[in-house]
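The chain that follows stands alone, in the form predicted alone, written as C-alpha cells.
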C-alpha cells in the first residue's frame, strides 16, 4: 500500500521538480519578467550561431520556437562557456600549458564562472523556472567571515570578523557625524527638531550611548557569549579607529564590498548542484543543432548570406546561412578572419576584457563550519587571494570545496602567470594565514585563469563612459548578415542576465528583419 506524502514531505523529496510543485500549490508566483513571444515564422531560414555559451544556446532555443533552423558551432568539447561548474574529471586548457584535469570527490564542485543570481535578475530566474532548474539561496554576505589585511599596522596579519570592522566603523562614523551636527559644525537646512531626529537616527544606526559616543555593542560580537543561568555574556571592546586605518582596513580592498553593490545585495540564488545545470538544461533544448569541437576560422559576409569556415578533427569545413549570431568573446573574435566594417573591427580589437581567476580547494572536512561557524559568505583580503568564498551548499557535510582565491586585474595576471602547482602553493600559503587548518585538511585543487583560457581570453568586457558611446554602440548593430550577442552587448557585463538579455534582444532584431515586422525587445530585465 502506498504511503500518502504530506505537503512538506512531497516538497522535500522532489527538489528537481521544485518549481512545478511549488507553483501548483500556489507557493511561488510566476516570474514578472517580460514575456517573449513574437508573431511570424522563421521557417526556411537558417541561422548560424557561433559559441554555445548561454547567449548562443538561448538564441538558438528562442529561434527554434519561431521555426528557424539553427546550427551552433562550439570550439570546446562542452557547452556552457563561462557558465561552468568544475567537477571530478573536468578539463581546461590554458595558453602554453598542458591540459588540467580536476580530481575532486564525486558530488563536489565549484563554480569557476558565474556563481550568483541577483534576486532582481528576473529573466535569469524565469529561465531557471522554464527550464526546470531548481535554485537555492546563495549566502553572499556573511558577517561571520573575515577581513585579513597584510601589513604593519596594529590589526594587520590578524583575521578579524567582518562584523567587528563593519560595526566599529559604523559606530565611529555615526559618532563623528552626530557630534558635528550637535555642535553646529555642519550647515544643514533643517530645524532644531529635524536635527534632533537625525541625531537619534545616528545613535540607533551607530550604537551610540546617550552622550553620542561609540563604546561598542553586541552587534560586533562577544568575548564571552551569553548562555544559561548567570552567563549574561561579555561584549568585546571595539577596535581603535586609528588602528583600523593604519592597518589598511579602511582601504578599498575592504570597503568596496558586496552588501552595498546593487547586483550583490541579498537575496541571491544559485542553481542547485552547480550553475552549469542551467547550461545543461539549455543544451538539452538545442542538442540537435549543436556541434562541439568545432573551431571557427573565418566569418565572411556576402551580399545575401554569410559563410563560416571552421575546422574539426576531420579537417576544414564550411557552412552558409541566411544569418549569423556571433557570441564569441571579443578577444577570441579578434583573432579570426572576417570582413566586418571598420567600426565593428575597431570595437572587436579594442574592447578590453578583465583578467580574473579562481581556484577550488577540496578539504577533508568543512573546518570553516566546524571550527569557525562560517556558513557561506566571503573573506576579504588585500593580498593576491583577494577573496575566499565559502560554499552555500552541503552544510554540515563531511567534505567541501572552498574557492581559495577569486582575483582580478593585476593580481589575476600575476597569479595567472604561475603554473598550476604554484597557484595551488600560493593559495595554500596565503590561505593558511587565515585558516591554519589548510595544512592538515587539504586534498586537491583546480585553478582557472580566464584570461589565459583558450576560447575565452578574458573574463568579461570592460567599458567606460567613452567606450560605451563608441565601441559598445558599434556592436549593437548587425554587420550585414552578422549579429552580435553576449554579455559584452549589454550593461549587465559579467552576469548571466547579460547573456540572456542579449540573446532575446538579438533574436527580436533578427526576427523583425526576417519577417519584415516592426517589433522591439523590451529593455526591462
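Positions refer to the first chain, counted from 1. Because the structure is a prediction, the values reported are computed rather than measured.
The following text describes the form predicted in complex with a small molecule, which does not appear among the structures shown.
Residue 80 is the only one of 376, 416, 321, 80 with a heavy atom lying within 4.5 Å of the small molecule in the predicted bound form.
Out of the listed residues 367, 172, 442, 406, 406 is the one that sits within 4.5 Å of the small molecule in the predicted bound form by at least one heavy atom.
Stretch 449-457 is the contacting one of 377-385, 433-441, 449-457, 202-210, since its residues have non-hydrogen atoms within 4.5 Å of the small molecule in the predicted bound form. Interface residue remark: residue 476 is not counted as part of the site for the small molecule in the predicted bound form, having no heavy atom within 4.5 Å. Among residues of the shown chain, residue 87 is not one whose heavy atoms approach the small molecule to within 4.5 Å in the predicted bound form. Looking at residue 271, you'd find every heavy atom of it more than 4.5 angstroms from the small molecule in the predicted bound form.
The closest non-hydrogen atom of residue 356 lies within 4.5 Å of the small molecule in the predicted bound form. Using a 4.5 Å heavy atom cutoff, 328, 332 and 495 all lie near the small molecule in the predicted bound form.
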